[in-house]
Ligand SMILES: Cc1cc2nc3c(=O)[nH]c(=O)nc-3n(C[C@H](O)[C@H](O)[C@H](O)COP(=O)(O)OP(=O)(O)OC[C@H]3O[C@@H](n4cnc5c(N)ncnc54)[C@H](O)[C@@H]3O)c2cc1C
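There is one chain below, alone, in structure tokens, taken in the form predicted alone.
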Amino acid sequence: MGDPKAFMTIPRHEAGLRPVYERICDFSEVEQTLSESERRKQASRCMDCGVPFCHWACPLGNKQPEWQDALYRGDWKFAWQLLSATNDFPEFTGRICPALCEKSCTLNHCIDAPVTIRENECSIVEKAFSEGYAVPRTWPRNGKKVAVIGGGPSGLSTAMRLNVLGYEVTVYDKMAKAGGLVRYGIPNFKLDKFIIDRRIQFMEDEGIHFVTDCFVDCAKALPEGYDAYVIATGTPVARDLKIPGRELDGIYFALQMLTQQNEILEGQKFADKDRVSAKGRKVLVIGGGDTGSDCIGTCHRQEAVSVTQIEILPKPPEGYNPATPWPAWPVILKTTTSHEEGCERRWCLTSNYFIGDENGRVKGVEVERVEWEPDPNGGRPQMKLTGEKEIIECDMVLLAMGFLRPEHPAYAENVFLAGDAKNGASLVVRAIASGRETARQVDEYLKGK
């Protein structure tokens, strides 16, 4: 490394966020950027560990120390070459990844100030596109064709890898544009959709074909004329809350709001009766994960009166959780940019039933406080109802409780699964890694044939 002791003199410096009063008025990305010189200083903090746990923790096996050093030295092109060798979409992960690498960074364990790996990654890929390092290439064809069903991160990654190996790849997607949940589930204030459009164009220039607005029933009829198929349809079924009053108006799955808002920003029009809007509403978000957080930020921008988020699990500790020491993922309180914009957050609450008004619209939810007790047999903690009940007033409810793991029939031997369709709902970075692994399996199979 150029300066293995830089971490001793240079503090961690994040790029920061746009002011709350400004960012809640639009859907532009909330994160700001550092100057090139400041970004290189942050890269210099990488201390060239004997065992780089950041590399070990990354599902893609990114070579963070190597490209941090190249960035520190100002060799942005080499940094891009190192980064793109293991990550097909660093412009995605550089914006929305929870940065497993940073949680494993030695500086995180020593001084609670890891290298700004995620931000550095994003800077490298944006520099590559702006300076022309990211140039589409073509490869000799091997005469075999592969269909990828689903244009989310895992499907796109599978297509990228197979294309490099010489296969003619066609990606089928049921939506108007490819991108999957990255396009339709993640708000623009976290990932501007221009970033996805740019990558899709890049892939098309490299010879990958896209067929959109095309639903494929994988269990009944796959497209004809392909040597192999990859099913990367994600986890399309959201977990429901089947309690009395669920049929009331004003209760939606989180993706109903998030997808529609993203489509509106793309220019699509909806009748007033079909709009899922928080404007003027008292919103209750049920579910404490990232999807719930995305709903909160979207509600602010749609001018909700108030937003409350409830979670059935206990409130995690702040900063450090002795129950989840490294190398386990740290289960600690996460306060997102959306939470910072204003939200009442409550824990250990289960929902008993929805309450409706005379017009059939939800007006409240009865919740009950729960306690979690250790399982005497060492299993998962057991939930216990306390009998302490109350009514939370709301006239809009968003269900953000995750997704059900998809079930698949027995497919032919030339059909492969990738991403969430295979493993259940997970991170974008894991979906990309799964796509790369699936491409390897497809290649091995077809070469064997």
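The model shown is predicted, which means the values in this text are computed figures rather than measured ones. So that there is no doubt, residue numbering starts at 1 and follows the sequence shown.
As for the form predicted together with the ligand, it is not shown, yet the points below apply to it.
Only one of 124, 186, 278, 115 comes within 4.5 Å of the ligand in the predicted bound form through a heavy atom, and that residue is 186. In the predicted bound form, the ligand sits within 4.5 Å of a heavy atom belonging to residue 215. The closest heavy atom approach of residue 172 to the ligand in the predicted bound form falls within 4.5 Å. For residue 285, no non-hydrogen atom is located within 4.5 Å of the ligand in the predicted bound form, even though that partner is not displayed.
Taking the partner from elsewhere, residue 208 is found to have every heavy atom lying beyond 4.5 Å of the ligand in the predicted bound form. Figure note: of the listed segments 355-363, 342-350, 178-186, 160-168, the one touching the ligand in the predicted bound form, with heavy atoms no more than 4.5 Å away, is 178-186. Although the ligand is not shown here, in the predicted bound form the stretch 139-176 places heavy atoms of 149, 150, 151, 152, 153, 154, 155, 172, 173, 174, 175 within 4.5 Å of it, in sequence order.
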